[in-house]
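Only one chain is given next, in structure tokens, and it is the form predicted on its own.
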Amino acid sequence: MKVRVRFAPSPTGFLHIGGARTALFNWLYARHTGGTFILRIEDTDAARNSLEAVSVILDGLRWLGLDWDEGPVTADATAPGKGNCGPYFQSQRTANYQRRVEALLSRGLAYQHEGAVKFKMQREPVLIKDLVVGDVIRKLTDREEADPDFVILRSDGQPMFHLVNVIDDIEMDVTHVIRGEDHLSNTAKHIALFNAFGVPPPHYAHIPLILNADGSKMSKRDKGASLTSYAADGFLPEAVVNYLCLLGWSPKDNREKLSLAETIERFDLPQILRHNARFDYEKLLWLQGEYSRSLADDRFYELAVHAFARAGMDTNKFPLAYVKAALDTCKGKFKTFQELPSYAGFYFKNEFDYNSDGVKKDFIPENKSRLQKLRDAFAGLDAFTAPNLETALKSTATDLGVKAGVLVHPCRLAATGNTAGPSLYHLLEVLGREKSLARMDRALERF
């Protein structure tokens, strides 16, 4: 049996991190088994769906690198599906649903009810054999299910979720349904529909929910809930993919950083954990830092330049060699690219504010003469290089009878406006003699 899985989101808003992880687990299982990954947009609820939400889903999957394997051919060359195939849209498959409803009606398995059509649900308990949760028996004895029949076609002709979900799984030959545990309560109805259509249900694997760090349910307003926020905040997709893999799945050897190829090789459903996953933002930041440090130079430059552009800084105004040299002093020193403009924006602007705490601590009267002496030492250097700058600063500190840090801090504040950042000697070399001395002169006027 060739594995066929699907991700079937409803385009009603942003792409939740839980939905992104569901898509990832389906994609990984398809790639691990040599199977097929299908994207199906469940958009039958016209009142709640939007084209903008569809774009958010497609952009999110594209950013994560999750391509799908089949669907209608589209002219959109940016579609991440193979062979420019777009996703399936349920709104384009209504004839299939109507035909199936008529079949149920003709066999007495559904009936008209106040203009709608209801499915005649079985009364005996339903056994759900789940690859993650284990065997679950749904007894259908809850008070709200004294009449377990449910609507499959509304009075306005709109097919309902349970019906279209099952029909599409049948017609797309889905073998495994991997979805969030919150859908487990729907599964008895789905199994009954499969039985009514005379088709064996697929294998179910309900994966644990993602909770906040305090164990509360993650809502759309919580930090980290929206996948879109990760790209906006300058995260690397490979870091986010790696982290999502660890939310509910374990490679069994306590490793946390795994390449995508290695994850595909290892990923399997029995390794999905039973307990709910808790979102750990600090661990995500750690992985982001690990991936940032190992970026190839060209990609690092590209992402960095985009980060500056989003912050309103045009690096194209500066020589390419200068831009690269400036960025080289930053690599491995920050976690998300969103941090980069505040960390190193001083390279690309001459006017900037000084950190207020730094001013109180370092722009003090006794430091003015010290900074002036350091400025004069820098001005007299034959070559304005990091080694020479370091030697000059330490020699000046010795002459003044102070530790090197006494000079480092006001000098950094003068050159960058910040109290922390890239190596002082290397950033001064990148800025160059003229710009560095001018910034020290500007700072001296503040004392």
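Position 1 is the first residue in the sequence shown; the rest follow in order. Worth saying up front: this structure is predicted, and the values here are computed from it rather than measured.
FYI, the form predicted in complex with glutamic acid (GLU) isn't displayed, but the following is about it.
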Quick one: from His183, Lys257, Arg278, Lys361, grab the residue that has a heavy atom within 4.5 Å of glutamic acid (GLU) in the predicted complex.
His183
Exactly one listed stretch (282-290, 241-249, 118-126, 160-168) reaches within 4.5 angstroms of glutamic acid (GLU) in the predicted complex by non-hydrogen atoms, and it is 160-168
Report whether the minimum heavy atom distance between Ser10 and glutamic acid (GLU) in the predicted complex is within 4.5 Å.
yes
Does Glu390 reach glutamic acid (GLU) in the predicted complex if we count a contact as any heavy atom within 4.5 Å?
no
Glutamic acid (GLU) contact at Glu42 in the predicted complex, heavy atom, 4.5 Å:
yes
